[in-house]
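One chain comes next, on its own, written as structure tokens: the form predicted alone.
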Amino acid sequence: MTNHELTWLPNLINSVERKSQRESYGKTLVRLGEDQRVVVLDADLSTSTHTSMFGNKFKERFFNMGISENNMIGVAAGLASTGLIPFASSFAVFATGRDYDFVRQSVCYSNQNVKIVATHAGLTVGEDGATHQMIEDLGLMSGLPNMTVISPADAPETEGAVEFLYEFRGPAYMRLSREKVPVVHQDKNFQFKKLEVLKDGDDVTIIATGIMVYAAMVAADYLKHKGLDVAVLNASTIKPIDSETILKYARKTGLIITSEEHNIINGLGSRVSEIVSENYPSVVIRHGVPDVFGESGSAWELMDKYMLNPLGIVRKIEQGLEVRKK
């Protein structure tokens, strides 16, 4: 790889169309709000989560719970028990960390129809630093019985996922980014419980989630010009995960790279590794945050520092190809 390639690969993600998942969430809530059963709760962050859009139109069904996230989840569970459809939102670090016991006991154990939609997930929280950069949420939520976990790739898919959650019955968690993220889909395509094949390939498989999906597409396109046929799969549903498609590509390519803006422990990479190791052992290389806390800095500078970019994926593929040779 030349020095020129080292320069343009990390920065290419900044040159494409980007849209806000948070804004897409807020606008979709407003449309769904025509159903009188839909209620929205927030923990004094509605401007940031964009639930304020719903609150401005449906004041009687919007509840600002203040800086009391635990109470927000408990109230959401109570509302769900009456037949309402509550969407509860906060930053990911609060919605899954500070709230964990209430999510476990009041929502999952009771199997209540509560939709927890968290914004500001991952390193791209940026300058707020490690205390607010939630990189453990997919693992925390996936470990809860009855919980469905969703991580859409972009704003259009977020719209489709919110509409799905409105129809879905049961506890659910969805993570969204603070940043505007690259657009992958031209419509609100969301395939629950199915890995979306964005690009087929025979040599290597990348399974990516959230903001890393576009980076995976860029890496695959670059490697195509290097003679490597790379498949790219979008894992917008983390739990339940699509075991069938994972095993299909494990057999087909013998090498899977997982990519996520999340700790490599207990995230997408762990889920994929469990399935492969139990059913069709092959090489899995995890790409993500390497079990460290983040730090303060601009979102995209942090993503580059931790190699959560196309170049980082290319490096992991090179590593995987060497392992597969052995």
Partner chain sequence: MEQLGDISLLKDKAKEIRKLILLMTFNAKSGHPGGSLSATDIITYLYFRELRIDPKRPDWDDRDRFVLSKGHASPALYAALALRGFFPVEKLFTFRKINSELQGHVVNHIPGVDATGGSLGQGLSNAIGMALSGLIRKKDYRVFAMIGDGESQEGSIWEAAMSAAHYKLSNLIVFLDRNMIQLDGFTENIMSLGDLEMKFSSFGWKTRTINGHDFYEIHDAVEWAKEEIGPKMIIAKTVKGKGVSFMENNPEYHGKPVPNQELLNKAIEEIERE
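What you see is a predicted model, and the numbers here were worked out from it, not measured in a lab. Positions refer to the first chain, counted from 1.
Quick note: we don't show the form predicted in complex with the partner chain, though the next part is all about it.
Out of the listed residues S106, N189, T253, S142, S106 is the one that sits within 4.5 Å of the partner chain in the predicted complex by at least one heavy atom. G78 is the sole member of G129, G97, G170, G78 with a non-hydrogen atom within 4.5 Å of the partner chain in the predicted complex. Only one of 116-124, 79-87, 181-189, 213-221 lies within 4.5 Å of the partner chain in the predicted complex by heavy atoms, and it is 79-87. With a 4.5 Å cutoff on heavy atoms, F63 counts as touching the partner chain in the predicted complex. By the criterion of a heavy atom within 4.5 Å, F164 is excluded from the residues contacting the partner chain in the predicted complex. Looking at S296, you'd find every heavy atom of it more than 4.5 angstroms from the partner chain in the predicted complex.
Among residues of the shown chain, S282 is not one whose heavy atoms approach the partner chain to within 4.5 Å in the predicted complex. Counting a residue when any of its non-hydrogen atoms is within 4.5 Å of the partner chain in the predicted complex, the hits in 96-112 run D101, F102, Q105, S106, Y109, S110, Q112.
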